[in-house]
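Below you'll find only one chain, the form predicted on its own, shown as structure tokens.
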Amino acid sequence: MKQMSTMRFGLAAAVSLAVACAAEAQEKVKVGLVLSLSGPPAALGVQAKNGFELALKDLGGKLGGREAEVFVVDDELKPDVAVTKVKALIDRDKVDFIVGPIFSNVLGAIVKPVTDSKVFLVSPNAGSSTLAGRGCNPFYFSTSYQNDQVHQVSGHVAQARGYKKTYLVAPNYQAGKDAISGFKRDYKGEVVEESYVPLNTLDFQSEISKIASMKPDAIYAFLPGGMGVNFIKQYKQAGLADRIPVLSAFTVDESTLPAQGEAALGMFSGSNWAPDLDTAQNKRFVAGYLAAYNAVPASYAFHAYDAALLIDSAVKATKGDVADKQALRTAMLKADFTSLRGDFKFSQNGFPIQDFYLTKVGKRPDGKFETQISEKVFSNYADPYAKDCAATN
């Protein structure tokens, strides 16, 4: 009897331990990072991954007071691959949030399977216009911007500087179309050509030849990652950099500048942030990122860091309850956290209302290159599609 009692006690203890372990596992907040981590755009995804992981480290490995578990997947910049991997994150790993992606074509592919599963999707970069107006979604939030806005900065500046003729170049996908649309929102001069190149194009000799022959007053380029690296180098080699000014977004930023170096000095970009933005939180973030990765953070890292802060604030507000989706959405929309950019709030479509700047490439005292704020262009700017959104449940 004594032996049997001992066995029963041992079995009960084992069962209790198993239940406790299972409960502990269930209590973790699970986040899937879906980012482009291979090929020419890998630097962008790595920045976002680093930014999110740095925020989680600063939060003590917890989100809203609960232990966090992060699953990282490479979408390979292939929408079909991204959908397969997202479904695995939802069905197998039971994630509560997905943070990503970098590119809008991937966003367009994953938004339905994610939000149909009532999993919150937080974008640290891509912000398609199709998700900002009538197509907005109560389970979609962005810590970056609606795509058009960051490009509108350059169009506004081109108009203010009296550039009468401009040449526009962007990749042929949704974000490229949003870029051109955003530039033209405030620019009323002549667009001598809209050049849409295949995504991940690396040879721009044809476009550069056209620019040289058309002689516009300025060019506008949205060419992220390796595209921007090659374009700026080839543009400089062609002798055009000193003759025709470059306005841009993501073509010259902290993800491309290490490879572009001196060729990008003095070039302009539109952004909602720069490493030298003067907030206490941002100064700590930049110093922390430099210490951890020996690199200057790009906007991808900053947006991903804020994505972690957003999730942390929402889980904290619901006292760790991620099952009550309505309460969690209400907490997400409230955005009760201190953003690295300073003041931060959402429109009803889940996109931020924020300031935008013209930045200029400069050199830091440590010899590294970074974008630096040149002037503020828009204050407390909500995207123009928000008025058409009715995502209230």
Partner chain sequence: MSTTLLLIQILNGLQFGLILFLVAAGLTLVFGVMDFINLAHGVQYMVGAYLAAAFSAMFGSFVLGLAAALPTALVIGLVLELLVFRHLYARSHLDQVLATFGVIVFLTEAARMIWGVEPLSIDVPAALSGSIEIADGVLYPVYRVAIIAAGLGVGLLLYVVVNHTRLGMLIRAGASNAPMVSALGVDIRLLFTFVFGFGAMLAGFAGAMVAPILSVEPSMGDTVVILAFVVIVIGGIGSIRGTFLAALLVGLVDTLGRFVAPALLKLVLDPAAASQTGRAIAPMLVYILMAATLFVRPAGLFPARR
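Positions refer to the first chain, counted from 1. All figures in this text were calculated on a predicted structure; none of them were measured in a lab.
The same protein also has a form predicted in complex with the partner chain, omitted here; what follows describes it.
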Subject >> Candidate spot Lys165, Leu340 and Gln372, all three touching the partner chain in the model of the complex (heavy atom, 4.5 Å) >> reply: no
Subject >> Option from 341-349, 54-62, 31-39, 356-364 whose residues, in the model of the complex, bring a heavy atom within 4.5 Å of the partner chain >> reply: 31-39
Original post:
Tell me, which of Val111, Val229, Val246, Cys136 has a heavy atom within 4.5 angstroms of the partner chain in the model of the complex?
Top reply: Val229
Original post:
Of Ala317, Val191, Ala238, Leu265, which residue is found within 4.5 angstroms of the partner chain in the model of the complex when only non-hydrogen atoms are counted?
Top reply: Ala238
Original post:
Are any of the heavy atoms in Ala43 no more than 4.5 Å from a heavy atom of the partner chain in the model of the complex?
Top reply: yes
Subject >> Tyr196: touches the partner chain in the model of the complex, heavy atom cutoff 4.5 angstroms >> reply: yes
**OP:** Indicate whether the partner chain has at least one heavy atom within 4.5 Å of a heavy atom of Arg284 in the model of the complex.
**Re:** no
Subject >> Contact of Lys118 with the partner chain in the model of the complex (heavy atom, 4.5 Å) >> reply: no
Subject >> Stretch 201-215 - residues with a heavy atom within 4.5 Å of the partner chain in the model of the complex >> reply: Leu202, Asp203, Gln205, Ser206, Ser209, Lys210, Ala212, Ser213, Lys215
